[in-house]
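The chain that follows stands alone, in the form predicted on its own, written as structure tokens.
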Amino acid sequence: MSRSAIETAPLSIVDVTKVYPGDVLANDEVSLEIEPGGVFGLLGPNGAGKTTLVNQVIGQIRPTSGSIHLGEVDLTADASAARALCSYLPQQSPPIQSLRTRFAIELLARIRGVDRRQARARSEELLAALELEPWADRLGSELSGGVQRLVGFAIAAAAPGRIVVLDEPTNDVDPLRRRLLWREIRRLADGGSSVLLVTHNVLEAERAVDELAVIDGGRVLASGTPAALKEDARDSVRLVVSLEPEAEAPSVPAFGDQQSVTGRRLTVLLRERDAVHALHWARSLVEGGVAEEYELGATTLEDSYARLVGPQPDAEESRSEEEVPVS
């Protein structure tokens, strides 16, 4: 297959099933198509089968059945082609303890066929873009977890493959550099790579991806753009009530279609027509000393996600505005 054909071909995952010994079903007939030049998110709770799926894409695991193709290239049958065409950031920190940051990034670029001068230039570009210059000549063993994560991304992005797989790329990364990371992820997609992003953070998925699939129990529950996945809640609004530290969650009146409590945050979904009643109720909670404040707003992908797989344990944390990527 020609280079130009590979550059324009979608990544096609068809009926991929993976069964581990003991009849453990990790993926159950997963089918997805991922176009070049975009960011595609795999969203789901821990243990949903996301990492198993991407390990099959990059050739580390063979599916029990199904196929994965990039154009005419069968990635399940040719693991060497999968490794050549894919760049990968795993969940674990990269094995760079004895390597200096600048050298580690250059080394991976050289291994993937970039000449010395271009590898050095790309390394310097990524160090500057991610504001990693203070750690450029430090050993990996001297880096914090968040900096190691950024270095791991830089290694994967030094000579990006036609497919770039990023498994929880923002783990441990501080909010300011997280914004820089999202900018570089978008640049990879703009450069023509298909970026396959694995996350359990709903806000990341809503703000950062072009399309996504919600996976749980090894199956695709829903897929499409973030806006399309929110279609079922189009005529709903969400009321978020911040409870006083010692207050118990109050009973929600009949207007609440769906409710959840995370920490001190009570979230209620309701129809737009009931918004006035909901505001009166929330105001009474504040006046009665049960709540500190409340906010009424549009529904989010988090609400649709909760309908599909249930609320996330860390949903409150994931809604920090500091985590919102910027273009």
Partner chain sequence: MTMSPAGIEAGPTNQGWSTPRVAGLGWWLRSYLLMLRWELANLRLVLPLLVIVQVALYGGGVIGLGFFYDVVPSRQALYFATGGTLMALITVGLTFVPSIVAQRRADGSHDYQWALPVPRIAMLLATLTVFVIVSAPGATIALVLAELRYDIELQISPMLLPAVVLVLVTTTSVGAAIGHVTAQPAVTSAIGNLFFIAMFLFSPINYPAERLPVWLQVAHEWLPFEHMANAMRGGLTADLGVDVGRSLVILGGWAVAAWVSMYWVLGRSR
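Residue numbers count along the first chain shown, from 1. Worth saying up front: this structure is predicted, and the values here are computed from it rather than measured.
Form predicted together with its partner chain: not shown, discussed below.
Per the 4.5 Å heavy atom criterion, its partner chain in the predicted bound form is contacted by stretch 74-82, the sole one of 223-231, 74-82, 177-185, 238-246.
Comment: its partner chain is not present in this chain, but in the predicted bound form one of Pro250, Gly146, Gly256, Pro90 has a heavy atom within 4.5 Å of it, namely Pro90. Note on contacts: among Ile61, Val261, Val290, Leu269, the single residue with a heavy atom within 4.5 Å of its partner chain in the predicted bound form is Ile61. At a distance threshold of 4.5 angstroms between non-hydrogen atoms, Gly161 is in contact with its partner chain in the predicted bound form. Using a 4.5 angstroms limit between non-hydrogen atoms, Arg207 is distant from its partner chain in the predicted bound form. For the chain shown alone, Ala128 is not a contact residue for its partner chain in the predicted bound form, no non-hydrogen atom being within 4.5 angstroms.
The closest heavy atom approach of Leu139 to its partner chain in the predicted bound form falls within 4.5 Å. Heavy atoms closer than or equal to 4.5 Å to its partner chain in the predicted bound form belong, across 178-193, to the residues Gly191, Gly192, Ser193, ordered by sequence position.
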